[in-house]
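This document contains two forms of one protein chain, each encoded as structure tokens and listed individually as structure 1 and structure 2.
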Structure 1
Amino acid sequence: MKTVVSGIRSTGNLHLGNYYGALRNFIKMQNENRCFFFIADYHSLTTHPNPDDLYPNVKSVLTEYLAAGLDPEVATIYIQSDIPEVTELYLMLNMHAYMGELAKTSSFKEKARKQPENVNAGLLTYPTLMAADILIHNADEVPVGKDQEQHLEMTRRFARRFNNFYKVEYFKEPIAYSNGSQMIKIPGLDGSGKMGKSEGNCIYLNDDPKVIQKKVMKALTDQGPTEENSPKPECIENLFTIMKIISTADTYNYFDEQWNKCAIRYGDLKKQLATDIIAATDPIRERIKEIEADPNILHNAITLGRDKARESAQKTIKDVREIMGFRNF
């Protein structure tokens, strides 16, 4: 069984794009691998978040991931800051990471450009902390998006450099996780791009049904087709893409036929799409309410995850300390 490690952002509510993209893959992979999913609260410090927001954000993210299907009895789900071994390995890896290579990463350059008043050391060493998150469990595979590929390659480099320097074959060189199918991308409601929090075009899993209906009804459309079987413009294709994922095949085929016959009524399409989204997300909203009503659910899940993660992390740190020459008197 392969060991898979993946981080979870500690800010922002889950939306349809998260759920039908990475999260559904997480739910699948937790039953096929030895999985570690951590909420990356230390990583958020690079942007100096408001201390009053940190705990509520972590709590919200943990609640929604559990409600959506991550199982703490199957996978190891934990909070990054609960595992002190991560920061110890981060320190050790930093001793073998060089400023020149860290400063060349695209993520550092982008962050430095976006927040020139806050170019902190954490931004520079972000790839090293990410490597520590992965190597602390000696992962075989890591689910990564396009923007994280460079960091994964640096993790492989740090693992290889450690092994070569200390003449051991201890750390694996993790590769990108692949489930054999293409990641589903949910488009936004604004007619272009993908669904994302920063784009303001999301439907969140915990949105009230009335809010969902209002968002869908405001989705961008055009004047309608003027020729039969004509190509759909991007804003309309986006709505059909969401419908193909959310609705039944019969529903999708009906509205596709209406489009091809130039008989489409966008109001009807949007009402049906809103209804189907509400039905698809209703079980998650109900589970969120259950978790919020019983503090023991979160406490038990995170305690179990912390204990399992620390057991794995402590073994790695013990081995690494011995390899590097640290001894107990």
Structure 2
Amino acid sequence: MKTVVSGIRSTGNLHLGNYYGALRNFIKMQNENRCFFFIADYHSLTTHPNPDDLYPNVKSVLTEYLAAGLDPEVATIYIQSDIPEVTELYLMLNMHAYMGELAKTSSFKEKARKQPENVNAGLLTYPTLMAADILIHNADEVPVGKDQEQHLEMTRRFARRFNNFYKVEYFKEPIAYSNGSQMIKIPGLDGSGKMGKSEGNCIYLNDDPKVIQKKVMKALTDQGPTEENSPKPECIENLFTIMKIISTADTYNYFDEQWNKCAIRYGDLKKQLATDIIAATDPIRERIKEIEADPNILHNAITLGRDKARESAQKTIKDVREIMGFRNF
């Protein structure tokens, strides 16, 4: 059985990008693998160090994880900061991570540009903390969206480097959990490359259906095609990308054909897309309400998950300490 590890930063509610990037095939994934799903609250401090937000944000990610179908009896769900072994491994991996490679990471360069007043060491070492999250359970696969590809590549490099340095074959080199398909990138509806919290262009899982409708109807479009079978500009391609993931193949093919025939009506396409997004997320919103009404659900999930996650993490740390030469007196 494979070990699968996945995390989401606690920076607010989950959006379609998180859902289709990381939680796709959730039910199948947890039934077929040894799954660890956690909330990356330490990672959130690299950009959002606000004590008033920390707990509510962790709570909403946890609620939405469960609402999306994660079963704490089957998978292990926990909060990153509940597992001290993660930070211990992070520290150890940092001894073998180099300033140059960390500073070259795309996400670091982007964040440093966005928050020049707060280019902290946590941001620089974000990839080693992420590697610690993954390697603490010696994962085989990691469900992530396309934006995390470089971080995953670095995790493999850190694992390989550790093995080579200490002349062991301890860590596996984890790959993306893809289920045979490519890594997903959900684009923004504002014509931008990526749907993301910091891009401010998200459709959230818990958005009211009316809000979803409004956001989709406002999506950026162009004048429409003037030549048959012409390539789609980015803003239109984005709508089709989302449609391909969320709607049925028949729906997608119908609108694609309309595009190719220069007969497309963007209003119809958006209406259909909004309907399909609302239908796909309706059960999640229902379940969010149920979970919010019963605080025991979160408490029980976390209590169960924390113990299972620690047991696995403690085993890894014991081995790593041995490999690195730590000895008891």
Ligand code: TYM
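All residue numbers here refer to structure 1's sequence, counted from 1. Bear in mind the structure is a predicted one, so any value in this text is a computation, not a measurement. We call the rigid core the largest set of C-alpha positions that still match within 1.5 Å between the two forms.
Chemist: Quick check: structure 1 or structure 2 for the form predicted together with ligand TYM?
Modeler: Form predicted together with ligand TYM: structure 2.
Chemist: Using a rigid core superposition, assess whether Leu14 undergoes a CA shift of 2 Å or more between structure 1 and structure 2.
Modeler: The answer is yes; the displacement is at least 2 Å.
Chemist: Taking the rigid core as the superposition reference, indicate whether the CA of Leu91 shifts 2 angstroms or more between structure 1 and structure 2.
Modeler: No: Leu91 shifts by under 2 Å between structure 1 and structure 2.
Chemist: Cα of Lys215 displaced 2 Å or more between structure 1 and structure 2, core superposed?
Modeler: True for Lys215: a C-alpha shift of 2 Å or more.
Chemist: What is the C-alpha shift for Pro233 between structure 1 and structure 2, rigid core superposed, to one decimal in Å?
Modeler: The alpha-carbon displacement, core-superposed, is 10.5 Å.
Chemist: By how many angstrom is the CA atom of Pro283 displaced between structure 1 and structure 2 after fitting on the core?
Modeler: The shift comes out to 4.3 Å.
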